[in-house]
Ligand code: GLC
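Read the single chain below, which is given as structure tokens and is the form predicted on its own.
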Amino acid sequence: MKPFLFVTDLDHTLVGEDKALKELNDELERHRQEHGTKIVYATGRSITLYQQLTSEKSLLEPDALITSVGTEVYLESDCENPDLEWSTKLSVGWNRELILEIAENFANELTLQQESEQRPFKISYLIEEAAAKEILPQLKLLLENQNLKFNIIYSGSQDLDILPLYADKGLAVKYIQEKLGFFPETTVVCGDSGNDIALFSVGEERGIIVGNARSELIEWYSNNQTEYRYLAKTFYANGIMEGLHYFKFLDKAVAR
């Protein structure tokens, strides 16, 4: 068996059912030890909330970490400092203070998320789905009128992230692929929500969408079906395991 690059979202993807998580962890760690597979977490959580999750759930130590919806990459195991090269790439055309100022025009609809989720290259709000349909086009237009370079991601029917133009989970995976020496056909990405669409759309990485995925990702998958994307029937880590066997990344089946 050859090594592969395993990339997964955390909440409601890898994490959700503890028994399945342990079984998948055992398989992945065995494959890492025997074949050199690398494990990467790609989460919308900040590094603060990621570390909180590691104290609550049994997660394997990752070989690299993507946090804050792709705006921070950690290649060192201590996770103290984001990768400087990646941060430098994102800084081009990014004006955080001006974006905050423009967003104030929608103060009644936009609620800033907690302080830990406000990062140098990420501004995060909560907005109800009905309001988002009306407000987001207006917000985008105002930002474009200021010639700002930005990326807006709305997911989970409530989470709005404003990021640098070239910041998302998928582009961060491409960056890590280059650093670790993997190709799309030896990379698998896993997710459950709208902010994971970038994982599946950036290239021909093998994609696993867990069975409990949110409606926005299911709809996107339905409109973008290919042989290298798989919609699992089972949920959480069980769905990931199902997909890994479908793509033949694991060399033995586990009865479910």
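Quick note: we count residues from 1 along the sequence shown, nothing fancier. The model shown is predicted, which means the values in this text are computed figures rather than measured ones.
Here the subject shifts to the form predicted together with the ligand, a form of this protein not shown in this document.
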Just to confirm, with a 4.5 Å cut-off on non-hydrogen atoms, which of D83, E109, D168, D159 contacts the ligand in the model of the complex?
D159
The ligand isn't shown here, but in the model of the complex which of L59, V202, L49, I218 has a heavy atom within 4.5 Å of it?
L49
Non-hydrogen atoms within 4.5 angstroms of the ligand in the model of the complex: do V69, E117 and K122 all have one?
yes
Which one of these stretches, 184-192, 219-227, 38-46, 23-31, sits within 4.5 Å of the ligand in the model of the complex when only heavy atoms are counted?
38-46
Looking at the partner-bound form in the model of the complex, is Q113 within 4.5 Å of the ligand by any heavy atom?
yes
4.5 angstroms heavy atom contact with the ligand in the model of the complex for Q177
no
